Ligand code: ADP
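First comes one chain, alone, set out as C-alpha cells in the form predicted on its own.
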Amino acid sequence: MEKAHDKVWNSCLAIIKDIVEWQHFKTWFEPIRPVALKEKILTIQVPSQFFYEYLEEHYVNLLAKTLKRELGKEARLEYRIMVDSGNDKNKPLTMDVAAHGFKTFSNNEMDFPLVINNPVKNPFVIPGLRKMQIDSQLNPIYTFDSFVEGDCNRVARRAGKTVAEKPGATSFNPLVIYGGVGLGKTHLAQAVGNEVKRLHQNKVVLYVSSEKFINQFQDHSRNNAINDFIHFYQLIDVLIIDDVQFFNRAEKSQDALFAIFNHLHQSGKQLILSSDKPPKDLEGVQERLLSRFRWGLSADLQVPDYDTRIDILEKKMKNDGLDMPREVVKYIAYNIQSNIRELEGALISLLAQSSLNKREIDLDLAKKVLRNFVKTSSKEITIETIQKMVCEFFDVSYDKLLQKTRKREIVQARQITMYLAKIFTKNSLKTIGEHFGGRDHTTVIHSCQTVKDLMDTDSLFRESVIELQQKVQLAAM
C-alpha cells in the first residue's frame, strides 16, 4: 500500500516533470526521497547541503506551488540531508530560508526549516575543508616562462595567457588545447592554471586528468554519492581536465561532466580541456558535450619546427645550468622531430652518458646516444641534393637557379634553397654561396632572413617551405 508521503510526492513529481527539462528533472528531482508527512508538513531527504541550496535557489517556488496544490495553503516543506558519518548524536539546526534563497540560522519554526547533517564531499582533500583549501593538483614547474613559443603553438599559448588574465570573462570558454603526444598540452593547460593562481589568488583552480575524474565518479557511484561528486566540481572557478578523449569509454561519467560543464559555464567559470584531437574528431563522446566543447576556442599544438626545437633545447639547458657545443644542439634538433618529450629525453640521455662515462659531450657521443631514439641518416644531405629538390618542386631548371636574374619565382626558389642548405648541411655560408654562381656569404644571410620574413607574412609561401623541409628530412632518413 502506497504511503501518504509517497503519494503526495509522486503527485508533485507528476506536475514538476511536465514543467522542468528532462535532464534537470533527472539530476535534481529523481534523487529526492519523501520520508514523512505529518500535519501537512512533507519531509524530503536530499543527498547534500549543496543539493538543498540548489533547490532553494532554482526550484523553491515550483516546490511551494506544487505542494500547496496537493496539501492546501498551509502546506510546508522540510529538508533532511543524508547522514553518512555514523554519528546520530548531532542535534539538528533549523534555518531561516528567505524566498530569494539567502539563509540565516535560527531556532524559530519557519516555513522551510532544514536539518543539517553533512557538508559537500571533496574528492581531493579531507572532507570538511573549506573551499579555498582545495589543492589545485598543479605542477609548479609548468609555467608560461618554461613554455617555448613558436609557430607551432603561438595561437594556443597566447589564448592561454588571455584566459589566465581574465578567467571566465573571454570568448575562449572553454579553451580546448589539442595535439599529438608529447607536444605540450599538459604543460600549457597547467601553465594557465598556475598563472591564474598567481594573478587571482581568490580563484579556486583544479587540474584533473580524465582518468582520475572517471575513477572518482565510479567510486562515488558505488557509494550512491554521485550528486556529492557533481556538487564538489561545481564549486571550482577554473577547471582543467586533461585528455578528454578518454571519456569515450565512460558514458555515465559524461553525464556528470555535462552537468558540471553547464553549471560552471553558466556561472561564468572557466573550463580548460585538452585532447589528442579536435572536438569534431572525438569519437564516443556525446554530441551534446561536443557542441559545448565547440562553444569557445579550439587551439592546436603542432610538431615544432627546427628553429623552435633548438629554442626548446637551449631553454632546457639554461634552466638546468647545462652547456654543450652548438653543433650537438643542432644535431639533436635536426634528428628528433616527432615531439618535445623525445627531444628532452634525448638531451637527458646524452647528459647521463656523458656523466657515467666521464666523457665530454661531442658530436660522436650525440650520434651514439641518438641511435636509441631515431634511425639516423644513412647519407649526408648535400647542397646539390637540395638544389635538385627545389628545382623539381618549383619546376625551375638548375641553370636558371644559378643565373643573375630578378624574376620573382627564380629569386625565391634560390633563396629557399640557400635557407634549406643552411639548415640541413654543415657547409659554411661561404661554401653555400659558391654553389650559387659564386655569391658571397652576405647574399646567403640576406636570403635566409628574407625566407624567414616571408614565412611570417605569407601563408602560402610558408606552406611551400614547410613541405620542402619535410621532403629534405625524408631524404635524410
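Since this is a predicted model, take the numbers as computed values, not measurements. Each residue number is its position in the shown sequence, starting from 1.
Below: the form predicted together with ligand ADP, not depicted.
Within this chain, residue 153 lines the site of ligand ADP in the model of the complex, having a heavy atom no more than 4.5 Å away. None of the heavy atoms of residue 296 is located within 4.5 Å of ligand ADP in the model of the complex. Shown alone here, residue 148 lies within 4.5 Å of ligand ADP in the model of the complex, counting heavy atoms only. Residue contact with ligand ADP in the model of the complex: residue 186 places a heavy atom within 4.5 Å of it. In plain terms, the part of the chain that comes close to ligand ADP in the model of the complex, with a heavy atom within 4.5 Å, is 176-184 out of 192-200, 390-398, 225-233, 176-184. Exactly one listed residue, out of 78, 314, 237, 344, brings a non-hydrogen atom to within 4.5 Å of ligand ADP in the model of the complex: 344. Taking 334, 258, 246, 142 one by one, only a single residue has any non-hydrogen atom within 4.5 Å of ligand ADP in the model of the complex, and it is 142.
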